[in-house]
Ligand code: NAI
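In the block that follows, a single chain appears as structure tokens, in the form predicted alone.
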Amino acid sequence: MPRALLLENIDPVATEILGAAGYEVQSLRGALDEADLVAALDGVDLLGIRSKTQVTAEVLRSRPDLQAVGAFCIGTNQIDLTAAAAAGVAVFNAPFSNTRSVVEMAIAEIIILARRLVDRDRSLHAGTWDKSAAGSHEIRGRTLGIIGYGNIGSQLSVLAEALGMRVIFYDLEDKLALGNAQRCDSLEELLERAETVTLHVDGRAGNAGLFGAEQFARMRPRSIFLNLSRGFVLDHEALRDSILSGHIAGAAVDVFPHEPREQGDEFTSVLRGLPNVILTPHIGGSTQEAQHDIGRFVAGKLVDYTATGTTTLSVNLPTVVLHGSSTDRFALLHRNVPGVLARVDALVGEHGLNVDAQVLATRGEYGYAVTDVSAPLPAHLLAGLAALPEAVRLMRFGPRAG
């Protein structure tokens, strides 16, 4: 049986879907370091991870037969996507499945910080009755600045506006403004106008250190700040200084540059113990609904890829949308140079086969050609295709040749 390894406590629905597709599935609760992951991948065809397991070039070299990696989360910066493409390993993620969960948490934290409920809660737990409206505000009528207007930022925009907030946003790309949201021409403009600033940027390397002392200084006095995106985009020392000086009235942080690997491990941060600061352990998308949908979505992508060759929403391979075939099918991931498809078709013709259907897509250095043929694929044809100098990986679907 083909094998799948799922790490970091992925929702059981993924095991059900992969098992129904004929995979022997092993699930582990925690992440694995590089050495342990290399050992665990022996005989594994599909790997499922979340945000903590690092899939490096060395990991990929250790298991040449690995077919695909599923990131059961939004981000994929924990995977060497270039090395994966070079090895012919498809990578899939879940770009939409936990969007609502993150947005709801952001809305909740904005309200909690604006009402200073963190401080009121701590006082009451300490036995102090502090019934006061001092520093407590409604969010209606206040201006929310969203940095990063992707799937999460845009949905947050809609819900925040429904609660009566004015919404402005800044994104490096041109994005359609939803509702009455207004686009800012620069990050500086957003920081000077917004009373609450929230980060929803992606994990690209260029976002490292995006927000620090200079950006906090530009924010309006007594503003609120949230980061539910990536830990490395924020200077935590600068946030601490801004909280202690009173310039920032409150903050919520869900992601950190260095996070514990296992449940129960010690968490250290310069933000611990600060007033009106909410710290959560990277749980923005961790609702039962979101995790179930992520498990269903990514496992489905892995099954579709290995069963039919479809690469819809792959983050590192050319996109080809396919369905099942009643004939034999092969897929060739190859270096994107002229003439490959002609050589593929010539080989098919030399073996007396007709091409029933064929799709080619390219992405950067690679091309992905999927071909349906009218009769079982001879072993000599498969060997010839795999031997093409441009070939990266050859995959076979449909009935097996005799």
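Numbering starts at 1 and runs along the sequence shown. A quick note: this is a predicted structure, and the numbers were derived from the prediction, not measured.
A second form of this protein, the form predicted in complex with the ligand, is not displayed here; the remarks below concern that form.
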Contact assignment for the ligand in the predicted complex, among 304, 80, 328, 171, heavy atom within 4.5 Å: 171
One residue of 140, 204, 258, 323 in contact with the ligand, assessed in the predicted complex (non-hydrogen atom, 4.5 angstroms): 204
4.5 Å heavy atom contact, residue 151 and the ligand in the predicted complex: yes
Residue 235, heavy atom within 4.5 angstroms of the ligand in the predicted complex: no
Partner contact for residue 283 in the predicted complex: the ligand, 4.5 angstroms, heavy atom: yes
Proximity of residue 106 to the ligand in the predicted complex, heavy atoms at 4.5 Å: no
Residue stretch of 288 to 296, 241 to 249, 221 to 229, 314 to 322 approaching the ligand in the predicted complex, non-hydrogen atom distance within 4.5 Å: 221 to 229
Heavy atom distance at most 4.5 Å to the ligand in the predicted complex, all of 95, 98 and 210: yes
